[in-house]
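Coming up is one lone chain in structure tokens, specifically the form predicted on its own.
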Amino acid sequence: MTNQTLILIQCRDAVGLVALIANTVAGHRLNIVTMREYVDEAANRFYVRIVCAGKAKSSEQLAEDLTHALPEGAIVTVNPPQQKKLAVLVTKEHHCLGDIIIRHFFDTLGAEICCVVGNYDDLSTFTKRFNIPFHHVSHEGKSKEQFEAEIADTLELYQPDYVVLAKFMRVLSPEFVIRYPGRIINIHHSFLPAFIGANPYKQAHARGVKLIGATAHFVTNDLDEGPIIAQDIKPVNHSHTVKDMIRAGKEVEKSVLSKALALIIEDRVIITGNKTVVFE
């Protein structure tokens, strides 16, 4: 978006908002190329994502003028950082990390992987092959507070825009989550909600499930219940073994996480309460 201006707005709904926005943008001699808006009638909230041809002379002034024109309490973002920095947290499973790193290597991710942090060292060799820093922060023999403090200190070195849990199999404390509000993304086998704990696919196979799915969501203090970014499913049947289901699960997890990251990197996601508005 080198020669474009991106504007994200959420505010109380009111009559004439589109006209107010269009006139304000025109006053900065910008031409609207795309404008996707959504009104949550129940909450009386208005959301819009606007792409304009040309760069605003002053993003700060444009944001100020839009805020002044819109209802009180409006949240306006003009030209959020284009090159997002992602820190990836992992345990032992490689499929999600591998997909992210390959996209990064071939410049199709649209963001920089600034570091990978693992509570096991299993994925360090793979990560380092792509010249990405890997930090091993073991949880063994440490309190949760100490373990998370060491992760936070490591992330502080890189100042990531988002923290991606690529099958990071540790529950984060509220104290850690609050450090990155709306900035931690998790991938979860959410279409197996009845099968918690170890071996969810084995449990699913025993019950004869017909759908394997995954959900990418923002992390909150409510385990696996944060605002949803993307979801997908894959049909299975009685002929699928446990290994087949695990393989299908990994494929859909990679796909959903990749889609979620693309939406976030392109600033197409607005968090509102415990849900999201996604401009695909």
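Nothing here was measured: the structure is a model prediction, and the numbers come from that model. Heads up: residue numbers just count along the shown sequence, starting at 1. Rigid core (definition): largest C-alpha set, two forms, superposition within 1.5 Å.
Not on display, but discussed next: the form predicted in complex with a further copy of the same chain.
**Q** Among 68, 158 and 179, does every residue place a heavy atom within 4.5 Å of a further copy of the same chain in the predicted bound form?
**A** Not one of the three qualifies.
**Q** Taking 4.5 angstroms as the cut-off for heavy atoms, does residue 277 touch a further copy of the same chain in the predicted bound form?
**A** Residue 277 belongs to the contact set for a further copy of the same chain.
**Q** May I ask you to state whether residue 148 is within 4.5 Å of a further copy of the same chain in the predicted bound form, using heavy atom distances?
**A** Looking in the predicted bound form, residue contacts with a further copy of the same chain do not include residue 148, since no heavy atom lies within 4.5 Å.
**Q** Can any non-hydrogen atom of residue 59 be found within 4.5 angstroms of a further copy of the same chain in the predicted bound form?
**A** Because no heavy atom of residue 59 falls inside 4.5 Å of a further copy of the same chain in the predicted bound form, the answer is no.
**Q** Given that the partner is absent here, does residue 22 sit within 4.5 Å of a further copy of the same chain in the predicted bound form, heavy atoms only?
**A** Within the cut-off, so yes.
**Q** Among 77 to 85, 139 to 147, 97 to 105, 164 to 172, mark the stretch whose residues have heavy atoms within 4.5 Å of a further copy of the same chain in the predicted bound form.
**A** Comparing against a further copy of the same chain in the predicted bound form, the contact stretch is 97 to 105.
**Q** Determine the residues of 120 to 135 with a heavy atom within 4.5 Å of a further copy of the same chain in the predicted bound form and present them in sequence order; the list may be empty.
**A** Contacting residues: 123, 126, 129, 130, 131.
**Q** Rigid core fitted, is the C-alpha displacement of residue 45 between this form and the one not shown 2 Å or more?
**A** The answer is yes; the displacement is at least 2 Å.
**Q** Does residue 12 count as moved between this form and the one not shown, where moved means a C-alpha shift of 2 angstroms or more after fitting the rigid core?
**A** True for residue 12: a C-alpha shift of 2 Å or more.
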